[in-house]
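Below, in structure tokens: the form predicted on its own, a single chain.
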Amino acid sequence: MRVAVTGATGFIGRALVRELAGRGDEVVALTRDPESAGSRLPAGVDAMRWAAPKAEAPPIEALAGSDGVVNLLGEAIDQRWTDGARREIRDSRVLGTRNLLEGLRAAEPRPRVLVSQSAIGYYGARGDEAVDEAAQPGPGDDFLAQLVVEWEAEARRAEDLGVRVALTRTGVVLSADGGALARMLPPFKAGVGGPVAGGRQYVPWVDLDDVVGALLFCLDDDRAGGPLNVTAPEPVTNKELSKALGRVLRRPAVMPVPAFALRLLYGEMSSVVTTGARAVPRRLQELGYRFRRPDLEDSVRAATGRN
């Protein structure tokens, strides 16, 4: 296949590009800085400049003739949500995806599939309720949920162009290279880690290997379309995740982090950590995706090099 990837230099993007290249696919990385991307991505990846995703369509030659596109664009969510940060988080996803669609509209021949990253944040705070792609009521009413609604709506416009669209609602990715686990490791290694805000809230975790596996599955399988939860089959509570990390690192995991401390540090964004959702990957399992790392402790060991 020839696959165009946006967000190719992020920690998910780099892992995806490595696996695409490893299986013999031709990869085009759309990036603001091709020189820097070329030094961070495998040899043979064609890095093409897309200087302003929020303001312009990508170069048509990156999309025309590609079999598929994986859209991983987006400013980091795990930061304090100031007005400026909210704007950048939204625009990087909504406007970036909108301009990507303009590129798809002009591309000839057009890619047959768009796999567009999304987020479990769609569901909002759902307590102990197990939520799959058909969960009712629909999206939550917070900032992140409404952002996902807009983000997915832009991606689904590609269906009007005859493009199959898979929306990968990704959970909390376990990888030492980035995301939540990378932030958790320093205090846990120092022996001062522990459950957050009581630890009863569910964490819809997923191993990085399975994020990549699910993206490839959605590229390859014509049945994969619409929203698909990319989470491990067995979500755990924050307390269970903390215990698993403590066991693997051989450190105590009993120092609680109160909710008010997170609110002081992150403001409204802290609600993502203190609430959570018990999301399950019903559609992926129905389609026959086989999880590479469905066990939490195995995933934490792999991510931390403690196999």
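The numbering used is simple: start at 1 and walk along the sequence shown. Bear in mind the structure is a predicted one, so any value in this text is a computation, not a measurement.
Missing here is the form predicted in complex with a small molecule; even so, the following discussion is about that form.
Trainee: Against the small molecule in the predicted bound form, would residue 235 count as a contact residue? Criterion: heavy atoms within 4.5 Å.
Mentor: No, residue 235 is distant from the partner.
Trainee: Though only this chain appears here, would residue 133 touch the small molecule in the predicted bound form if you measure heavy atom gaps against 4.5 Å?
Mentor: No, residue 133 sits far enough from the small molecule in the predicted bound form that none of its heavy atoms falls within 4.5 Å.
Trainee: Flag residue 263 as yes or no: does it have a non-hydrogen atom within 4.5 angstroms of any non-hydrogen atom of the small molecule in the predicted bound form?
Mentor: Residue 263: no contact with the small molecule in the predicted bound form.
Trainee: Evaluate residue 103 for contact with the small molecule in the predicted bound form, applying a 4.5 angstroms cut-off between non-hydrogen atoms, and reply yes or no.
Mentor: Result no; residue 103 lies far from the small molecule in the predicted bound form.
Trainee: Which pick from 219, 196, 165, 73 sits with a heavy atom within 4.5 Å of the small molecule in the predicted bound form?
Mentor: When the small molecule is considered in the predicted bound form, the option within 4.5 Å is 73.
Trainee: Of these, 53, 281, 276, 68, which has a heavy atom no more than 4.5 Å from the small molecule in the predicted bound form?
Mentor: Checking each option against the small molecule in the predicted bound form, the one that comes within 4.5 Å is 53.
Trainee: Can you confirm whether 92, 118 and 151, the three residues that make up this candidate site, all sit within 4.5 Å of the small molecule in the predicted bound form, judged by heavy atoms?
Mentor: Yes.
Trainee: Using a 4.5 Å heavy atom cut-off, indicate which stretch of 28-36, 56-64, 235-243, 249-257 touches the small molecule in the predicted bound form.
Mentor: Heavy atoms within 4.5 Å of the small molecule in the predicted bound form occur in 28-36.
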